[in-house]
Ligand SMILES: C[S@@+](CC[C@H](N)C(=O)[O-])C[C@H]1O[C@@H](n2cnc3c(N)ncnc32)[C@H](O)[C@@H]1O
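In structure tokens, the next block holds one chain alone, the form predicted alone.
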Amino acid sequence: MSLAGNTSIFKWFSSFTRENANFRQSFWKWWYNYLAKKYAKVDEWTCMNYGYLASPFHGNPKLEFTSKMLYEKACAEVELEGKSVVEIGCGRGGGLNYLHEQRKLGSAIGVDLSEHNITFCQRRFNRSGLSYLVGSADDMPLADASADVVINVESSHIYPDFPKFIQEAIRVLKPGGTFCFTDFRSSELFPPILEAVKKSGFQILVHEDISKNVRYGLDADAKNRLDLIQKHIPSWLTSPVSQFAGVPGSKFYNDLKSGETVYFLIQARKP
């Protein structure tokens, strides 16, 4: 079956998981654990997001370049050097490791629900000042007011209790700390997300629709993603993993292009 031919299946699945919060988190935990365990030795795959580019890119960018640029965008204009940073939903750890190296973080902790993701992170990025812990977004194993910056990149859409996640983010932040949050939702759900962040007590500094820029990233990175899939994924999983990767022709890509899905960026401050 072709990638395009499976779009209706993924449309149904997306609708079902959106309406069943506990199933949604359980399924994605299983999926991420499956991928992390099966591909534990695929060291070149360290980021798990759709990427970002400020403008269309002609040529073939370096593997994971666009995914790391999403982290740059999420933290744009935020002072990170020497700061304590927590990433909620760190995945395979590559984004946080990139910031740790490039922005000279004081300390960095990645938290993820997938035990196998954390095992991968601890092996792949074993360096001073950088650590990874198993934990849930709505109940993190971190002290109150312990971070200068909290980051959440393309992870919150699977959480069963969004308000609890926001309360955990504000709890962990020091007064005056910054929350850098980027993700996607169906277009009608973005305004309630923004309102929930405001009602939590955060002061909104930036909110921006970056859907077009995420699509630029997916366009530029398509060959890299398809090459990685062809190299590592068995034929029976090629179609669902291609959908998961957001390659052109996938449901996510088409929804982003049509405006049915909005990819947003929010930066907020804890008073």
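Heads up: residue numbers just count along the shown sequence, starting at 1. Given the structure is predicted, the values throughout are model-derived calculations rather than measurements.
Here the subject shifts to the form predicted together with this ligand, a form of this protein not shown in this document.
Chemist: Heavy atoms within 4.5 Å of this ligand in the predicted bound form: which stretch among 167-175, 188-196, 99-107, 114-122?
Modeler: Partner-contacting stretch among the options: 114-122.
Chemist: Heavy atoms within 4.5 Å of this ligand in the predicted bound form: does residue 218 have any?
Modeler: Although this ligand is absent here, residue 218 would stay clear of it in the predicted bound form, with no heavy atoms inside 4.5 Å.
Chemist: How about residue 261: is it within 4.5 Å of this ligand in the predicted bound form, going by heavy atoms?
Modeler: So residue 261 does not count as contacting this ligand.
Chemist: At the 4.5 Å heavy atom threshold, is residue 84 in contact with this ligand in the predicted bound form?
Modeler: Outside the cut-off, so no.
Chemist: Using heavy atoms and a 4.5 Å limit, would one call residue 179 a contact residue for this ligand in the predicted bound form?
Modeler: Contact with this ligand, no.
Chemist: Which residue among 35, 222, 53, 48 has a heavy atom within 4.5 angstroms of this ligand in the predicted bound form?
Modeler: Checking each option against this ligand in the predicted bound form, the one that comes within 4.5 Å is 48.
Chemist: Exactly one residue in 78, 142, 130, 158 has a non-hydrogen atom within 4.5 Å of this ligand in the predicted bound form; which is it?
Modeler: Only one option qualifies, and that one is 158.
Chemist: At a 4.5 angstroms cut-off on non-hydrogen atoms, which residues of 136-162 are near this ligand in the predicted bound form? List them in order.
Modeler: Contacting residues: 136, 137, 153, 154, 155, 158, 159.
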